[in-house]
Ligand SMILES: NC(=O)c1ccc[n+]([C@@H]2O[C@H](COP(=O)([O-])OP(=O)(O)OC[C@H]3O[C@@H](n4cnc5c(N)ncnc54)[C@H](O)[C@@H]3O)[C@@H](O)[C@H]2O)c1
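One chain is shown next in structure tokens, namely the form predicted on its own.
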């Protein structure tokens, strides 16, 4: 796997010559469609003010946020290859290091403190922005740069390529000469180092604190040790289920032990697999295990490894224990990766009602690795497709058209298409969550409640069958088909559009046979936790006006009964 389809991130001390070398390197790589980006220039353009003004008016914290945003923009430049000259302090933020690892090759431009100081002084004399060093004497500048190098060296040493820019003979070389040598070093590196697959990073915005979502093959095992080191904790508690523990638990523990050594201890809590175990007993079993491990909010980190049941219940337990243990989600099912792990909701089922008890508690990070899907049973994979198609139906006709063409291929099994549909689903969900994080019905068409399309009928069927006969995704699929049918019956949706929806969703198989009654499902439907109206004969529901156009409305008891009758004919 060649480096020539990756971004190249130049890191190192201020004054290392990253911008000058980067420009020349991009020129040498022009035939490979590389462009040069100076991250500081990108920040100034986005902020509409100089770096010096950002520091003086907004502070370094604001500057670092601008820096991460600019880095994310560079990393997501689809179809473009970039040589990126970064600021000296970009490596101090764990998220920035993850973004660079995922989308490209970090290259440490290693320069002596003396040469860096000389270059910084020259910049200051030419009135270039160096806000961290203004007013310093030459001696103070060298001392400051030495301190920065000592503090940042561990991060610089993580770089894929270490390029020493000083000559053994002590002669000075031009930026073009250094760029040419760096190009040779990159080719040599690619002969001896196997490059990992890229992963993409999204930023989830939350009032509790923004958190990154990494999506890509192999990213979980590779990135989790970095995240743990950055957290500074001494104890890792992996919460998983019995099935996932048997498939992936040992591999993950071995990788963590190899990467972290004695840096922290590892504990594993394995719960019963499946929705039937998502209850208050399992919740308290996890809380008791946390206590037995002497977990603390400052010294422990919870890793939720599994499907939506695991991330839901582990997230709730982490939220309740000591008023909040930090968590990282590693979803292993399609429904977990495309939907359940994203958005900050945690919950357990209680009194026969789906997700009756829960909180909003986002994780610190989500690592979505599609390679886990290769061990997923076909039935679980098919169930997860329901949530993927849901996003298209409620908000994007173009995504629906793409998925409709791929539906047979997706049903056959996991391939490269899955990483793309997961990315699209996560992007879609974030747009709803960030517009209406607590599902209060704000911001019109972007309200989070639209994500409940198919779920109200689906949850009722799940409850009526005792959370065991059908998988959650299967009930959502049936609920979507029932809601689409009712949309047609109430003249919101044309007959042709309904037939199109029914034809495509009908390609996703459901092999289970359901033993329940319309009355049992209707009873559960009436107890849905999302109920908004106080009228007993009126029910809140999400329907469709077209593909990509969902809306909230109310329906009568009679309409609910008719839709449930239709849904039961499908299984």
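Only a predicted model underlies this, so the values are computations on that prediction, with no experimental measurement involved. Positions refer to the first chain, counted from 1.
Here the subject shifts to the form predicted together with this ligand, a form of this protein not shown in this document.
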This ligand isn't shown here, but in the predicted complex which of 243, 217, 447, 267 has a heavy atom within 4.5 Å of it? 243
Interface check vs this ligand in the predicted complex: of 106, 454, 315, 308, the one with a heavy atom inside 4.5 Å is 308
Candidate stretches 218 to 226, 137 to 145, 407 to 415, 244 to 252 - the one whose heavy atoms come within 4.5 Å of this ligand in the predicted complex: 244 to 252
Looking in the predicted complex, any heavy atom of residue 101 within 4.5 Å of this ligand? no
Can you check whether residue 382 is within 4.5 Å of this ligand in the predicted complex, heavy atom basis? no
Is residue 197 close enough to touch this ligand in the predicted complex, meaning at least one heavy atom pair within 4.5 Å? no
Looking in the predicted complex, any heavy atom of residue 419 within 4.5 Å of this ligand? no
Residue by residue through 322 to 345, tell me which have a non-hydrogen atom within 4.5 angstroms of this ligand in the predicted complex. 332, 333, 335, 336, 339, 340, 342, 345
